[in-house]
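Only one chain is included here, represented as structure tokens and corresponding to the form predicted alone.
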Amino acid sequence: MSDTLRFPDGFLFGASISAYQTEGGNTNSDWWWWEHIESTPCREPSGDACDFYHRYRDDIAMLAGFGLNCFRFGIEWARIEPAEGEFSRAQLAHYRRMLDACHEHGVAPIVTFHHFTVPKWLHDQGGIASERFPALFERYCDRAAQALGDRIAYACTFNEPQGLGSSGWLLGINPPGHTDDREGAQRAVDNLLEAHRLGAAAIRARAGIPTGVTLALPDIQYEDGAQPGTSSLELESRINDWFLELARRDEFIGVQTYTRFRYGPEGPRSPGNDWSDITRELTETDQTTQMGYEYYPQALGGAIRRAHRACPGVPVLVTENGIATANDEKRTAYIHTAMREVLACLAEGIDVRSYLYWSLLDNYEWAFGYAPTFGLVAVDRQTFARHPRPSAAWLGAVARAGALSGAAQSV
């Protein structure tokens, strides 16, 4: 390869966040309830998070100032429909102002309609496992798209839905906190599949914008003749196949990955393979991240190729890719290697249209609290002051040039 590797014209370079993990004060959500019950597995409550709800203008301007041209964020269902059938014009207007701020700064907004959370009133009815969930999600998508759709570049129905059934009904690490409820988990998965189909159709009908789903696609590798098993990760991988089948009818497929997981005849070989153990110590080494995952940015290439094989002809958006680390040079090296994987996939003829780093801000990492630091930007937990890291300027420079220069970095 040459020293300078160019991305296609119009390629989207950006960063992602979610609503719940950054906005703060989402008191009407199932996750707020989950954080505050006596038996919560969460290490700390989300509280004010990053106060993004009030600071979005400055944050969008900051992202654009780095040189990035795309921003993925979420809208919070619990704010938009605080009681069943009661839609808040004020909250929809708030999210419209966020979209306007993106356009003012030349930033393409990618909007996620559901990122792990549901309103508490829906949680009380059974949440994602409720038989009413697909129809309620369809109505929410219709109302939100009617109010916001003309300002959205791409719409994502769900963020990583493949794990919601197992996390909430088998492992007990997400609301509603059930364990070994296989019927509930299956209902949740079936409902999510139907809700994506209905929700995506509603968004298209209202706004005519490209719509898809984002999936967590870790690079699962079987070595030395190992056979697929029944671990949580492998179960979710099979559920991904069902979503990928639906995605063949979508305008894009969102790809998200952070590491690989290797399996041999004797079982898992990779650090962090028991990703669902939220009691584990979050320690980082040269070979692992703060999440305990193997440092393996090459996983992104495997994820893109899997999506392409499953959905030939459907454009790929890399909607999340990143690393939790206290070493920002390690973060930059990770992004550099991951982006080389994107370029390799482009060279193979795969239609990849974006690279979005997770996350713009250090934010609330669900049950792990604020300990993992994924952000291009550090956030002071007392004052909410933003402190951009050198990796933000580095990624912005790549975006401005539309090219990746130099040999692969190392740490």
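Residue indices: 1-based, along the sequence shown. Everything quoted here is computed from the prediction, not taken from an experiment.
What follows is about the form predicted together with beta-D-glucopyranose (BGC), which we do not show.
Within this chain, Tyr258 lines the site of beta-D-glucopyranose (BGC) in the predicted bound form, having a heavy atom no more than 4.5 Å away. In the predicted bound form, beta-D-glucopyranose (BGC) sits within 4.5 Å of a heavy atom belonging to Phe374. Proximity of Glu236 to beta-D-glucopyranose (BGC) in the predicted bound form falls outside the 4.5 Å heavy atom cutoff. Contact annotation for His336: none of its heavy atoms lies within 4.5 Å of beta-D-glucopyranose (BGC) in the predicted bound form. Of the candidate stretches 364-372, 55-63, 382-390, 344-352, only 364-372 has residues with heavy atoms within 4.5 Å of beta-D-glucopyranose (BGC) in the predicted bound form.
Taking Asp219, Asp250, Glu320, Glu76 one by one, only a single residue has any non-hydrogen atom within 4.5 Å of beta-D-glucopyranose (BGC) in the predicted bound form, and it is Glu320. In summary, among the residues His115, Lys120, His308, His196, the only one with a non-hydrogen atom within 4.5 Å of beta-D-glucopyranose (BGC) in the predicted bound form is His115. Contacts to beta-D-glucopyranose (BGC) in the predicted bound form (heavy atom within 4.5 Å) from stretch 334-360: Trp358 only.
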